[in-house]
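Below you'll find only one chain, the form predicted alone, shown as structure tokens.
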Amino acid sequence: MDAALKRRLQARFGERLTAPIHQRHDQTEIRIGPGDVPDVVRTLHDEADFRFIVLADLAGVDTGSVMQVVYHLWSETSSDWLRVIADGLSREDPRVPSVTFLWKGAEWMEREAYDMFGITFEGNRDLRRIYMPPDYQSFPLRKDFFLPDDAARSPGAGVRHMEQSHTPTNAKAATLIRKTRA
């Protein structure tokens, strides 16, 4: 645990933090609002006291009530990894500024979070689906995504249809599918 890092973070970002700084083993965690992302990560990247030059990971999170974006940063100035959580994104329209202005590699990580969670990264020049088809309407890693057969979690214990599956054009494939469903 890097106590000096905690003191530096508190002194520099105290008023912007939305929760107390949390430390455990070799990780330090700070929480900020989505609008503070560009200024905070630029400071963490550029200032000599921090120099978090490596973005190791960026991920979307759905808590069930709010959306989050989590950044894992590394610096040679600290023995701790830094987890920055942009907290409190709206579930209806989750948006956060892109960090591609600092880390070009963030483009793909932001695309993945968009594809799986529907989080829009404002300023990402190529925000499109990576895994799902371009016309896919849902976001599979969100808590409100139900599979058609997920009756245990759907309203009234019934089936809630999410995606329209297509019927194979090949007659042999259609017959095989009917047999496996029977």
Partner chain sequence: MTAAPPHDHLHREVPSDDPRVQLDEAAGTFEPVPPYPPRTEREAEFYTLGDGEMFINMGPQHPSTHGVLRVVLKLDGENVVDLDPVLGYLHRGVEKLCENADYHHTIAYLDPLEYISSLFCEWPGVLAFEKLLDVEVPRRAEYIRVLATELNRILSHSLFMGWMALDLGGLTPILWSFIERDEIAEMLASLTGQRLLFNYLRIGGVNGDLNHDFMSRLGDWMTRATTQIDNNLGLLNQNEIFVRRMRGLGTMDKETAFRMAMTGPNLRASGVPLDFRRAHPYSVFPELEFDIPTRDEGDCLARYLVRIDEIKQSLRIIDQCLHNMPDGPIMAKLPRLLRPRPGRAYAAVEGPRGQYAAYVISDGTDQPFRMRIHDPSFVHLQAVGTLMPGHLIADAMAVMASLDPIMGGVDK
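Numbering follows the first chain given and starts at 1. Computed from a predicted model, the values in this text were never measured in an experiment.
Quick note: we don't show the form predicted together with the partner chain, though the next part is all about it.
- In the predicted complex, T120 stays away from the partner chain, with no heavy atom inside 4.5 Å.
- The partner chain is not shown here, and in the predicted complex it never comes within 4.5 Å of any heavy atom of I32.
- Proximity of D62 to the partner chain in the predicted complex: non-hydrogen atoms within 4.5 Å are present.
- None of the heavy atoms of E47 is located within 4.5 Å of the partner chain in the predicted complex.
- Heavy atoms closer than or equal to 4.5 Å to the partner chain in the predicted complex belong, across 7 to 34, to the residues R24, H25, D26, Q27, E29, R31, ordered by sequence position.
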